[in-house]
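A single chain comes next, written as structure tokens; it is the form predicted alone.
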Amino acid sequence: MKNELQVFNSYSGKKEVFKPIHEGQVGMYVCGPTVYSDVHLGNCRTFVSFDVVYRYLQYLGYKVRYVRNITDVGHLEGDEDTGREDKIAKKARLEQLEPMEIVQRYMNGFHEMMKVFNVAAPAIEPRATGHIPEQIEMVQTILDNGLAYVKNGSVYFDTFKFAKEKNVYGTLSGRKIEDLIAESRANLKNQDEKNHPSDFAIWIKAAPEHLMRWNSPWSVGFPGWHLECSVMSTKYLGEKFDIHGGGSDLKFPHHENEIAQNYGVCGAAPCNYWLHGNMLLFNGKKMSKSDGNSIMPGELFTGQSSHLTKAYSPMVVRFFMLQSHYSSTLDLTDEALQAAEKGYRRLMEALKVLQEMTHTGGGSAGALDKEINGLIDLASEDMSDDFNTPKALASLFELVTKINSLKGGQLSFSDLTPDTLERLKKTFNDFIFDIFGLLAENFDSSGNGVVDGLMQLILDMRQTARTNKDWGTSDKIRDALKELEIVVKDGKDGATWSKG
């Protein structure tokens, strides 16, 4: 690698050269899902983003211990820590099931969706309910260090005291303790238990009707959501590790409070680099079920949504996500997915062409050879610049043009050395499969690339028949597709199809 790996550290607010604590090894913790509902696309984008980070670190030769947790207790409605119901317990109550039935169902669904998107499994996937003793121990340590207090069986972190002593609270999120003082107390039950509005619960006394509860020195209750990640990250990665990741929506209060807790136990922040993925928009706006501006992953794959003209394969959606930097917002639209599908096809077709290329030998290291090597180097430099997948993809597509020109004869193998051709083949294979995590499945609308290709041929034949006013052939195609429950939509850019 010509350039050192650089990452944008959310804590310092600047790009920094990545230097692991232990040479050749990386400890990375990413906040996983709260398993009370089907995983949504915004979560999928976050986990795809950190999957690429994980893959690239491994590609660079690091041995990575990747920890991604499962939250199965303590995440309350409204993300408040008092007077609210646990999201999983609420779902269990509404469906008259045990909380762990809810957890198992949606955890299974999450794992299945990660497989669909070809997201590599983490090295360790701890669950909050499996670490209750460690959480009770951390609460006690924070109390012993004078940064927490007990009120009516609940334990609260003394944020105001911590902020005065350490002057680091709010560094990650940009929130100031003075701003928190002015926050409204409206609709927050038991708020008067706290010494300060910004204090947060690290152990919560369970109401009589609460389904998930454990014995502790302070009450029968359950741990606070923020505490879980402090416990699980430090248990498996140590008091100080390299990377902590998650969505930008977790900066405050979740990650800010994690930092406070770690100071309360270890006297220092938990990691050296904070990485945050940005949100996924839908048609230019934040996704909202109530406004009808939302879509689930399954709807993308079937095309059964009023927002779509057709279905898209998981690899097309993953490719689409790679077209934006992980820290930038990404706008999901039908038009953008159509463009991504074309780009994905073009990339995979170039890969196939490249794999079939042979070099008879005798090429010279001329301008073409130098240009191809330069683009290969640039793609690697782009990835080492804070995992910049869109720029790396742009370099690969410049190489796609070279590959197609070599195939078409516009460029000559005599201007390319055999070693460079082999390097080009390896680079393409490494980036597409090992770094970007794409699969050579070549399927999209129906889940099968052959079927999609045949459908395009049929639509072309239908259009030709209509142009020639061959209504008999046109009607025959229409009726046959209708029997197969295939819906054809005619647009200004041609016809598209989806399974009805």
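Please read these numbers as outputs of a predicted model, since none were measured by experiment. For the two forms, the rigid core is made up of the largest set of C-alpha atoms that agree within 1.5 Å on superposition. Residue numbers run from 1 along the displayed sequence.
Note that the form predicted together with the RNA isn't included here; everything after this is about it.
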{"property": "Selected contact from Gly153, Pro99, Gly343, Gly238, since only one has a non-hydrogen atom within 4.5 angstroms of the RNA in the predicted bound form", "result": "Gly343"}
{"property": "The unique member of Thr171, Asn118, Asn388, Asn373 whose heavy atoms fall within 4.5 Å of the RNA in the predicted bound form", "result": "Asn388"}
{"property": "Val487, heavy atom within 4.5 angstroms of the RNA in the predicted bound form", "result": "yes"}
{"property": "Contact label in the predicted bound form: Leu424 to the RNA, heavy atom within 4.5 Å", "result": "no"}
{"property": "Partner contact for Asn145 in the predicted bound form: the RNA, 4.5 angstroms, heavy atom", "result": "no"}
{"property": "Trp218, heavy atom within 4.5 angstroms of the RNA in the predicted bound form", "result": "no"}
{"property": "Heavy atom contact within 4.5 Å of the RNA in the predicted bound form, the stretch among 209-217, 400-408, 160-168, 263-271", "result": "400-408"}
{"property": "Whether Arg68, His131 and Pro297 all lie within 4.5 angstroms of the RNA in the predicted bound form by heavy atom", "result": "no"}
{"property": "Sequence-ordered list of residues in 276-307 near the RNA in the predicted bound form, where near means a heavy atom within 4.5 Å", "result": "Asn278, Met279, Leu280, Gly284, Lys285, Lys286, Met287, Ser288, Lys289, Ser290"}
{"property": "C-alpha of Lys482 off by 2 Å or more between the shown form and the other one on rigid core", "result": "yes"}
{"property": "Core fit, then Asp434 C-alpha moves 2 Å or more between the shown form and the other one", "result": "no"}
{"property": "Is_shifted Gln463 between the shown form and the other one (CA, 2 Å cut-off, rigid core)", "result": "yes"}
{"property": "Change in CA distance between His307 and Asp475 in the predicted bound form, which is 3 Å or more, as closer or farther", "result": "farther"}
{"property": "Lys310 and Ser474, C-alpha gap in the predicted bound form relative to this structure (3 Å or more)", "result": "farther"}
